[in-house]
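Consider the single chain below, provided in structure tokens and representing the form predicted alone.
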């Protein structure tokens, strides 16, 4: 099937299960049977690599390459080169990754949720339109501007998912969340308020002078 159907959330899930490397090989640009499937795939993979780098995974563990069905020799070369790269990087969560062991897998849990979220799916689906036609106001983005916007969304969405992950472990105060996640308290407070408005988080109790928050179970 077309590489345009590759779901970025599945990529994060694969790494979360201990995969050391993942390569996706698609048609050359302009040769897609589904017209723009490989363009969409490249946009998804580029965005996913930026997210993986942000959470501390070596982004070279994920690769997107082009090859036609008649280029058996090229396909073998691509696979062998990637295999060599992964052997040089070593096992996931090792020396080549900025974040190690259990902490990396916790962050991959957040990354999977980010990639499955509506915001990331919507933004990456709009990439071509934003670069060629512009947004609702007719403002056309450069590649650099679009990537900068993606990076800002990645930071915010990852921090929100990490906060939700911590709250699933038990009630927490803003101060405790800020300390354990190394996120400034004012940002945590802003995220908590946004999550309260979305009815994803609620005040559980007050301990001393500190409000304690908990996750609201969804779909119950």
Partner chain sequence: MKDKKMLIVGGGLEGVGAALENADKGADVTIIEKFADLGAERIPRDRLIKPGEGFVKPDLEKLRNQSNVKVLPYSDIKKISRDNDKIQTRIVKHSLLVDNSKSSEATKVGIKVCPVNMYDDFDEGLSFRTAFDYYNSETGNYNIYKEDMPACQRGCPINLDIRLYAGLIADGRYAESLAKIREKLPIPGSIGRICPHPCETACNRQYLDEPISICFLKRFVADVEINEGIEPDYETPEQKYSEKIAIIGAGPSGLSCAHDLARMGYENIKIFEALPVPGGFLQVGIPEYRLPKKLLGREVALIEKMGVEIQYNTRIGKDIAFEDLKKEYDAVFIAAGCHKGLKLRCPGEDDFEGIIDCVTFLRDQALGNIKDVKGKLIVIGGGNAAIDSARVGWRMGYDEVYILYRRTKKEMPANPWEVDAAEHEGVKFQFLAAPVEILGENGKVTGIKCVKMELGEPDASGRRRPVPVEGSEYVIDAETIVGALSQGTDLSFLPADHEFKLTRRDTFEVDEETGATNLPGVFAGGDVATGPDIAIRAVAGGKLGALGIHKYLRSK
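Each form is matched to the other, and the largest set of C-alpha atoms that superpose within 1.5 Å is called the rigid core. Numbering follows the first chain given and starts at 1. Keep in mind that what you see is a predicted model, and the values were worked out from it rather than measured.
The same protein also has a form predicted in complex with the partner chain, omitted here; what follows describes it.
- Using a 4.5 Å heavy atom cutoff, none of 71, 74 and 82 lies near the partner chain in the model of the complex.
- Of the heavy atoms in residue 182, none are within 4.5 Å of the partner chain in the model of the complex.
- In the model of the complex, residue 145 approaches the partner chain with a heavy atom inside 4.5 Å.
- Although the partner is absent here, residue 64 lies well away from the partner chain in the model of the complex, with no heavy atom inside 4.5 Å.
- In the model of the complex, the partner chain sits within 4.5 Å of a heavy atom of residue 153.
- Taking 78, 104, 89, 123 one by one, only a single residue has any non-hydrogen atom within 4.5 Å of the partner chain in the model of the complex, and it is 123.
- Of the candidate stretches 37-45, 23-31, 187-195, 56-64, only 187-195 has residues whose heavy atoms lie within 4.5 Å of the partner chain in the model of the complex.
- Of the residues in 86-123, those that come within 4.5 Å of the partner chain in the model of the complex through at least one heavy atom are, in sequence order, 118, 119, 123.
- Relative to the superposed rigid core, the position of the CA of residue 198 differs between this form and the one not shown by 2 Å or more.
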